[in-house]
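Shown here is one chain on its own, the form predicted alone, set out as structure tokens.
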């Protein structure tokens, strides 16, 4: 029996439980993660090379916070809701959130605990059964998460871990689950989407970005430079929401870049930087670096400090908009900078790529910075903060637009994304009246329904009374079929 078939056999029983029952069973996971935090941080550090402090904070602590919040929020977010239907006041409509059934979650190596958990937990809480395939580069972290979930006493088949590479993920999609949640690169996301389209299977895609940080003329340059230095290099730059582009107002362009250069040079590569996760990722960095060097755009850094460790690198100068690092996702500690002259130009430069995951805007005039933020095509925009920090707040929906994907994780939107809405329409009265529509069609019916339309369009006493009279004539006109 395949993992998807095994999961399907457990789906009905798990969905039959109330969301409160599911939340009560899953809530102790937060305590288990807290008790095992030191080991988990060491495991993540050893497996993908990120600094241990990032493993502890971005993965372990963030997972604890997510678990606590989502298990408390799920009963409220997934509750059945009554919806008023003024056109049929004699009937009662409710919207029920139904689980898809079998959810396959395919997750990456860069945040190997938090990202899988942000897919698995909401899916389970929503009543789905889950098959998780973590990255083949971080299998031990995936196994550790699975062990903690298994220890909660989940029924057989409700959660399963499947290890392997992309071929294993493709086989899981071919097994026709009811929903696929994928987090990873844009090229792989396109292949996942194409595979799902054959059946079709609904899919949520959280893909990459070439995320930008915009520095307005009135910005606190020290604050902005510190944000760029961290936002471009945390996790070795290997985050979909890292700062890859910087747009700087021309009036402060030189001053800002001088500060960024100084701060990048103070980063301790041994303590603060992770290496490229593998040779393939190193190859991407090398390609982007070589392109920038050939154009004479390497303004700072650019040195290899080890086999897969690159010094934080600033790319800037005439022609930067044409370089690969500006147009494509580097997923490494390389950040490209360009000047702009107006908010309109900043928006045009920001939106000049197909991506739209996160963006940041820095400026002392918070109202003006916020107005600029609202114009940007990005799923999350932060003012005077690196937008990547939004991911640390489980209350906020996370996801992008365009080539950065669609659908949401986190927040109530993430829970709703793992369900489909079902409308249940029932009578309020013991005897259902004849409907206003139906056979036979005639002018009396048409005029009555048009009068109702006018009453909805302009609900004044006169139009409402006219509609009531027209409906009365219809009801006494002749029997409906």
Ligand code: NAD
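Residue numbers count along the first chain shown, from 1. Bear in mind the structure is a predicted one, so any value in this text is a computation, not a measurement.
There is another form of the same protein, the form predicted together with the named molecule; it is not shown, and what comes next is about it.
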property: In the predicted complex, the one of 198, 280, 81, 374 near the named molecule [non-hydrogen atom within 4.5 angstroms]; result: 280
property: The single option of 397, 274, 108, 356 touching the named molecule in the predicted complex, heavy atom within 4.5 Å; result: 108
property: Exercise: residue 191 in contact with the named molecule in the predicted complex, heavy atom 4.5 Å; result: yes
property: Partner contact for residue 344 in the predicted complex: the named molecule, 4.5 angstroms, heavy atom; result: no
property: 4.5 Å heavy atom contact, residue 401 and the named molecule in the predicted complex; result: no
property: Touches the named molecule in the predicted complex: residue 166 (any heavy atom, 4.5 Å); result: yes
property: Per-stretch contact check against the named molecule in the predicted complex, the hit in 93 to 101, 306 to 314, 320 to 328, 110 to 118 (non-hydrogen atom, 4.5 angstroms); result: 110 to 118
property: Within 4.5 Å of the named molecule in the predicted complex: residues from 425 to 464 (heavy atom criterion); result: none
